[in-house]
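Have a look below at one chain only, the form predicted alone, in structure tokens format.
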């Protein structure tokens, strides 16, 4: 909590606004069943493609469903996938990167060559191939993004660990007889969390885009469950007669992705400034 408060105080006005936008989307997703004016699958075919009205602020889609309700439930899918993928990728990547950077040797060679192979292939192509092979659905979508998501975290953690492991306080705890596990998890990892926080924020933006892209291609969430990407896909054939079908899902994706990117860039600048000024030392040997 202390770390988060320090970060927030150092953020620019644009980054703070982005934090509130992200918070708004999380709250909207969390309370979607209570905020949505209509069930997301409820149809009113006589009013299909109709525009804005007092009861339907964003109009109807091609099947006469309320767009606002579907946007709110679509936010649940986007943020559920993003949080799950980023959390899982960060945990797996941090563990493998830490083991690789700390012990070096054949473990390091094996893991880093695997990372090189996975990074040599476009990640979205691997995800598309996996989902196409296994079939669309929420579970397969998350697994597909996890398979490619951990790579960047592993490389980042390994590089940071190689730097921090040479600090004097790490040599001190080693000389004091601390076991490898204690040195690694209590003294080294707390000091490489800053770049991980930045990578996590940028990773959330990437996960939102990846989920929307796969759903747009029909490889994500299956109907009638709404997803921002599938809403864009369904609206393609009505872009001229009912542009609101594309405008609102597109704005939702753009706003959330830009907010995560603004926060990530601000966090990168903040962590650099704090490390240069020496304001924060999160953990040292005791």
Partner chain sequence: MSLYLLRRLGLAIVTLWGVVTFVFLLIHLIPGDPAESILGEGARPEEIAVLRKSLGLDLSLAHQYNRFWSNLARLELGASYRTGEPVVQSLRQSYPATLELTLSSMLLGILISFPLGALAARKVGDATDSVISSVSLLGISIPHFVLGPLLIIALAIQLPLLPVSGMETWAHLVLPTITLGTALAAVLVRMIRSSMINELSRPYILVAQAKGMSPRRVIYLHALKNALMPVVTILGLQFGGLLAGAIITETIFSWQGIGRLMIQSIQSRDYPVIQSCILGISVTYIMINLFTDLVYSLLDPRVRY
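What you see is a predicted model; the values in this text were computed from it and never measured. Numbering follows the first chain given and starts at 1.
Beyond the structure shown, there is the form predicted in complex with the partner chain, which is absent from this document and is the topic of what follows.
The partner chain in the predicted complex comes within 4.5 Å of no heavy atom belonging to residue 163. Under a 4.5 angstroms non-hydrogen atom cutoff, the partner chain in the predicted complex has residue 14 among its neighbouring residues. In the predicted complex, the partner chain sits beyond 4.5 Å of every heavy atom of residue 10. The shortest heavy atom separation between residue 129 and the partner chain in the predicted complex is within 4.5 Å. When you look in the predicted complex, the only residue of 234, 58, 219, 29 with a non-hydrogen atom within 4.5 Å of the partner chain is 219.
Checked against the partner chain in the predicted complex, the candidates 225, 63, 247, 36 yield a single residue with a heavy atom inside 4.5 Å, and that residue is 247.
In summary, the region of this chain contacting the partner chain in the predicted complex, judged by heavy atoms within 4.5 Å and restricted to 82-90, 167-175, 99-107, 120-128, corresponds to 120-128. The candidate spot formed by 76, 111 and 271 lies out of contact with the partner chain in the predicted complex, as no residue has a heavy atom within 4.5 Å of it. Contacts to the partner chain in the predicted complex (heavy atom within 4.5 Å) from stretch 238-270: 239, 240, 243, 246, 247, 250, 253, 254, 257, 258, 261, 262, 265, 268.
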